[in-house]
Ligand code: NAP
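Let's start with one chain on its own, the form predicted on its own, as structure tokens.
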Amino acid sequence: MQTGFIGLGAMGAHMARNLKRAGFLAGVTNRTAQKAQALALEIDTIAYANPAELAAKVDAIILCVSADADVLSVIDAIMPAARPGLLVIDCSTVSADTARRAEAQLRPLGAAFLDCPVSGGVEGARDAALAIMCGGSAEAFARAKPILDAIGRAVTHMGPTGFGQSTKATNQIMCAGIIQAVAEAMAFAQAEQLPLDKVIETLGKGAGSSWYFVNRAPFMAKDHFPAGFRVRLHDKDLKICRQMAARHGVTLSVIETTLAHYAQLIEGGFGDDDISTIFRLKTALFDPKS
């Protein structure tokens, strides 16, 4: 299936490159046209002026944008080119309600929609090793599976529309708890004057290890936090999780604590750092003057 890609940020650009390597990519577009033009030149594809022009030329289109309003804006832009058989795959992280709204817009035109948020960070996008959780019809998923296999290592149909985003919300809550625990543990290890490189090497093979520990504890050890998953984006995701939990009449402490910490970090100018920058707040617990 000839596939287009919309949204060429830190993860989207890597995903588009992997689609090109697999022979699926037929073109790209992006809100900032220069990004699309530069990537098109790099990988020898076509940069289209807008989503409708791209959608008119392909069988499937993947979008990976930042927020709910962005997804709905792209869906609106695709609508003039939507037609029976067009497959729209959304790899953004947004609310389940937004996924259902997008699907409802496309369905009368005969176009299929899948919510397929991803997890694995920039590294997973680069290495085509993403975990992809999908919501939508089984037929649409079967059509999308070869495309998604080109960008992910674990591709799972979770159920009807919205179930992909609900699964991703579950993941984001887990990430909040894990990054909190890793940052506290690393701050403790540093306060104990342990050799942090050896801590990471040894405990990375222990029962308490996780992807975040192995891949983000080195950032903490170096006190350097290049954007892999920005604080601002996880903050946005956790606010979606908060809203979803509230519908059950529940407040989840890991969400509230992490959002409070992110508010401090954003106010301090660290909103575009990787979320492992929460380590800054944990080290301050051991040295309040720092």
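The structure displayed is predicted, hence computed values, not measured ones. Residue numbers here begin at 1 and follow the sequence given.
The same protein also has a form predicted together with the named molecule, omitted here; what follows describes it.
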### residue 62: touches the named molecule in the model of the complex, heavy atom cutoff 4.5 angstroms
no
#### Entry: Interface membership of residue 261, the named molecule in the model of the complex, 4.5 Å heavy atom rule
no
### Query
Closest heavy atom of residue 190 to the named molecule in the model of the complex, within 4.5 Å or not?
no
### 4.5 Å heavy atom contact, residue 210 to the named molecule in the model of the complex
no
### Query
Looking at 10, 22, 266, 281, which has any heavy atom no more than 4.5 Å from the named molecule in the model of the complex?
10
### Query
In terms of non-hydrogen atoms within 4.5 angstroms, which of the given stretches 142-150, 102-110, 88-96, 181-189 touches the named molecule in the model of the complex?
88-96
### Query
For the stretch 235-253, which residues lie within 4.5 Å of the named molecule in the model of the complex by non-hydrogen atom distance?
236, 237
